[in-house]
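Single chain ahead, by itself, as structure tokens, in the form predicted on its own.
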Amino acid sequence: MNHATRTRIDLMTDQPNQSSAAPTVGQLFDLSGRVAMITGARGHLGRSMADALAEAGARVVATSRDAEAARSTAAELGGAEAGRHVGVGLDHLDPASIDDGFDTAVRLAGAVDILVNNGHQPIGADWTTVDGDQFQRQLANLTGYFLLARRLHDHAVDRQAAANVILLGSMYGVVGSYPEVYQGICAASPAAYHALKGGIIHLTRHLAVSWAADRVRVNCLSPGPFPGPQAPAELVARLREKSPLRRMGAAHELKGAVVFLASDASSYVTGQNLLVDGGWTAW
């Protein structure tokens, strides 16, 4: 057993092992030997986080509702496990697909140690036009996050292994939006989206305290304004004015945060919501 492996085991006991040397920073952030599953891996932010997990040494299970897109994304990932990453079709809004996708991931990769619940199916309707079915459909993203996280929890308990869940929240799970930012450009930030992201953040807390005794950590990563390449230029300009840093986030600026939460660098962190928002929620 090498030092890095011994350190990981020691960090999962209820007391630090005083007989071994403290791990280095490099060892704390190293994901070698672990399998990390990320939903929505080909998206604007998902792909950057998938790259980060691979670059940190993990074998990545990249999922997408489009199985071929998932396999293509996995084939493009680098790191020490390049060529061994796995692509799996999984629709997190469909409980049967969640079970099939998770079982396939375990069959192909051998196990899953880390889950990043990132997949998201949006709606474009704001509070003035959204109907009940659309609202419930948006909240189904939260249901999918829970069901997939529970599969990882049960898988870890069966293996008698530690595991780690990261849920993707948002600054809009913490604060309301500025209606004037969207006026005349597009629908306002949807009320259903705010309800969804607030629910994800609180689900994080609940699962963290419920699963701590099983050595399953649960944290939330909440991005601020990270507009995709298709976002209207005027909308981006208005958002920029609301940010203390006066700029938008770039997708790669989530890489350090996701590796921190996925690794032993955060071994004593659970039930937390890490905001990466350029200071947006500090106003």
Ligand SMILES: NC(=O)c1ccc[n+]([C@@H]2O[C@H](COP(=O)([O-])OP(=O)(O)OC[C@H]3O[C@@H](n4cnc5c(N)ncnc54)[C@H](OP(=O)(O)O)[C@@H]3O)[C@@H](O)[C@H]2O)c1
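For every residue, the number given is its place in the sequence shown, counted from 1. Quick caveat: nothing in here was measured; it's all calculated off a predicted structure.
Just so you know, the form predicted together with this ligand exists too; it's not on screen, but the next bit is about it.
Taking the partner from elsewhere, Gly169 is found to have a heavy atom lying within 4.5 Å of this ligand in the predicted complex. The shortest heavy atom separation between Leu93 and this ligand in the predicted complex is within 4.5 Å. Using a 4.5 angstroms threshold between heavy atoms, Ser64 counts as touching this ligand in the predicted complex. Contact annotation: Phe226 falls within 4.5 Å of this ligand in the predicted complex, judged by heavy atom distances. Within 4.5 Å of this ligand in the predicted complex, a heavy atom is found for every one of Gly43, His120 and Tyr193. Remark: of stretches 125 to 133, 204 to 212, 83 to 91, 99 to 107, the one touching this ligand in the predicted complex is 83 to 91 (heavy atom within 4.5 Å). Interface residues of 230 to 262, taken as those with a heavy atom within 4.5 Å of this ligand in the predicted complex (partner not displayed), are absent.
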